[in-house]
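Consider the single chain below, provided in structure tokens and representing the form predicted alone.
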């Protein structure tokens, strides 16, 4: 079974090397640059790949929505399997691509789109074949974990930690997708599809940004609770819907999450039969991510089935999910649910009673303002 790879950047080149080490034939590589070691296989004509009957699997590693979406549609209509590491593509067009795959008797695999180097989606979907997955949660973004870990261990500011993350290649020049939670929201949506068998829209998942976090938050939280801050995504399967959100979270000192350092990820599923299972590893990188992409290729080649899902889009419902929260704000506004409050240097430090996720996000938008920092408190 011969393969084509779209893009030969960090992930594409890592995937190619791993597949070739395992005896797979990468016949064509879509790339505009001249790369001496693979020059005999490079093409800048996608139709050359589509028309090649020997190529049965197309691997997409170029990222973004276009031309990735066009390539995906053409691949599936040509009755070729499609493997991708592109979370943006899959979170936007999941239902369409899965439908096309089933109509044409091929498969879509997206294991590296959430968790990077962790075979998270692979194991989540396998568990879902025999178990009822009820909850998903965890650290799903290496950039934000690096920032929080650096702030906590080295005592540097958010902006300095972000600059270091950018210099190391962990964060983009525009880090909004990471620090505002959109990257995690996409991974939550894809995890929901693989684990719960439901489609939810990424834009329906509320997020609290990490931008307002400061060293004074960390010091106050450590003084009062002994906890650490981690940026986490959450999802819970509900009758007729899904609870899903992304929030900074105060985790206990003895928790696994508190020990995740630098750009690591740790993602957890809770199953009716298996209980709690956690997966730890690198969330990005040439060979870690390339290996997860290659695992999907091997699965297709060996005929391993993937449990695709229905077409219905489910509502995100957070009104029935309640948590306690930590809030730092300079707003004088009065709002309910306060359990304890202290003022230091014209800022209010608040711990709340239980409040629904939907209510706290509404209060944030309508009352607190963007300079407030809010984090959930884990039980």
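Numbering follows the first chain given and starts at 1. Note that this is a predicted model, so its numbers are computed, not measured.
Below, we turn to the form predicted together with another copy of the chain, even though it does not appear here.
- Contact check at 4.5 Å (heavy atoms) against another copy of the chain in the predicted complex: all three of 281, 291 and 302 pass.
- Contact annotation for residue 287: at least one heavy atom lies within 4.5 Å of another copy of the chain in the predicted complex.
- Taking the partner from elsewhere, residue 368 is found to have every heavy atom lying beyond 4.5 Å of another copy of the chain in the predicted complex.
- Contact annotation: residue 254 falls within 4.5 Å of another copy of the chain in the predicted complex, judged by heavy atom distances.
- With a 4.5 Å cutoff on heavy atoms, residue 295 counts as touching another copy of the chain in the predicted complex.
- This chain is displayed alone, yet in the predicted complex one of 101, 137, 221, 260 has a heavy atom within 4.5 Å of another copy of the chain; that residue is 260.
- A single residue from the set 225, 123, 164, 157 has any heavy atom within 4.5 angstroms of another copy of the chain in the predicted complex; that residue is 123.
- Checking 177 to 185, 270 to 278, 232 to 240, 201 to 209 against another copy of the chain in the predicted complex, the stretch whose residues place heavy atoms within 4.5 Å of it is 270 to 278.
- Contacts between stretch 9 to 33 and another copy of the chain, counted in the predicted complex as any heavy atom lying within 4.5 Å, involve 18, 22, listed in sequence order.
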